[in-house]
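For reference, the chain that follows is the form predicted on its own, supplied as structure tokens.
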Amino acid sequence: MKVQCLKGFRDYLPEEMLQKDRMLRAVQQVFECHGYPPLMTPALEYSEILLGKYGEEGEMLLYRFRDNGDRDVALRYDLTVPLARVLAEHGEITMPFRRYQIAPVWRAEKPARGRFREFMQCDVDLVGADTAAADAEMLVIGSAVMKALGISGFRIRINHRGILGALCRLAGLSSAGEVEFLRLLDKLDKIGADAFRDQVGKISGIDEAGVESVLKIVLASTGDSRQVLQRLEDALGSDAEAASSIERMRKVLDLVEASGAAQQCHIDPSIARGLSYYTGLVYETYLDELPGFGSVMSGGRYDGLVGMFSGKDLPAIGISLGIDRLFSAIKEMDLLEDRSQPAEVLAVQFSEDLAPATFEVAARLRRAGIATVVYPREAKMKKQLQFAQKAGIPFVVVIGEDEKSRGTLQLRDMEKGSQQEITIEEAIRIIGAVVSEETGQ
């Protein structure tokens, strides 16, 4: 038997898991700071809940099977469709409804750089409000998440389905060819204008002159978002749907600017995502330092999805962060902390006779909010200090026979290499001050 992890899946060893958990806590704090409580849904759903929501390509990526009860089930593909199911099933939920969810999802897609078949998603959604304020709130939260993770160089590229619809009409397309056209448009920056012309030229009913007009509009959409919107209005303003979408995006920009997040938000008419269920604003987030890495955070407005279950339309908008993908990116950018232990203190174990005193001191430190690990067996002092150094534990406490009789301990600062004999109360004060300074509390 070959012992190995499934392709597209991965193990997180403790050092990485601690780093990942710190990321998740930072994201959670941002969500809750903006007034979003948590929600949890099952990993498994009836297949019929998920089918018909992601398009043909998405459905091919479902992990679908029959369970021991011969039920047709599938692992969740995202957190949005389960949210829609919850809202339809629990009709007593008050609107507008806010929630965030942090949970694993599964997609049987081809693994790639930063792309896995099992990965953690962090979603935040606002249901029951079709307003520019709701749209802007997602962009503000998304920007705050990236900054909370220490990322300053990023761009949230924004578009609207109304703009995309107008571009399709300009290219002479009916609904039959729109999806393929927009998928190619979304790849324009990767494949280039010539390849785009060649590939869209194979779509039935395409208008070559219209394609050139689309390219002219999209390629000129760079720079200040206000100017981009004005150019879009000049080119597409006669299209009623496009005009309405442009006006909505102007209102969103007003609110994003008022929130101080406008610098990272850019209007980009080539962005086309979630074609099977997004209905309004759509956005993707890219890292300046890793231009070829792909989107690390995305979302949009999906006003029709909840109604597929409940029979009534409920406007909804959300943003989703692929934490495993972003973790890989942050690791590449060398933004992860190096500490491999969650503890601030290592309590040295000298002997069985002194173990009770060591455990008592460790318990008092923990009650004071200081994470403390006790070395699990007797060992030479040098070995225990090496363990603390390797694990990144900043303080070591030592209780020998003399310290036990005097009611003191030896506190060693691993960074400074200094050591002093003090009381437990003094140790709590010193360690607590350092931890507070490091965490900014």
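Because the structure is predicted, anything quoted here is derived from the model rather than measured. Definition used throughout: the rigid core is the maximal C-alpha set that superposes within 1.5 Å between two forms. When you see a residue number, it is the position in the sequence shown, counting from 1.
Keep in mind that the form predicted together with the RNA is not shown, yet the notes after this line are about it.
S.K.: So which of 136-144, 253-261, 184-192, 214-222 is the stretch with heavy atoms within 4.5 Å of the RNA in the model of the complex?
M.R.: Heavy-atom contact with the partner occurs in 184-192.
S.K.: Using heavy atoms and a 4.5 Å limit, would one call Arg113 a contact residue for the RNA in the model of the complex?
M.R.: Yes.
S.K.: Since only the chain is shown here, I'm wondering whether Glu45 would be in contact with the RNA in the model of the complex (any heavy atom pair within 4.5 Å).
M.R.: No, Glu45 is distant from the partner.
S.K.: Just checking whether Gly162 would be counted as a contact of the RNA in the model of the complex - the rule being heavy atoms within 4.5 angstroms.
M.R.: Although the RNA is absent here, Gly162 would stay clear of it in the model of the complex, with no heavy atoms inside 4.5 Å.
S.K.: Is Arg107 a contact residue for the RNA in the model of the complex, using a 4.5 Å heavy atom cut-off?
M.R.: Yes, contact at 4.5 Å.
S.K.: Which one, Val27, Leu62, Ile49, Val398, lies within 4.5 Å of the RNA in the model of the complex by heavy atoms?
M.R.: Flagged contact: Val398.
S.K.: Give me the residue from Ala343, Val296, Leu170, Leu87 that has a heavy atom within 4.5 Å of the RNA in the model of the complex.
M.R.: Contact with the RNA in the model of the complex is made by Val296 alone.
S.K.: Would you say Glu32 moves its Cα by 2 Å or more between the shown form and the other one, aligning on the core?
M.R.: After core superposition, the displacement of the Glu32 C-alpha between the shown form and the other one stays below 2 Å, so no.
S.K.: Comparing between the shown form and the other one on the rigid core: C-alpha of Ala391 shifted by 2 Å or more?
M.R.: No; that C-alpha moves by less than 2 Å between the shown form and the other one.
S.K.: Would Ala193 count as moving between the shown form and the other one, using a Cα shift of 2 angstroms or more after superposing the core as the test?
M.R.: Superposed on the core, Ala193 moves its C-alpha less than 2 Å between the shown form and the other one.
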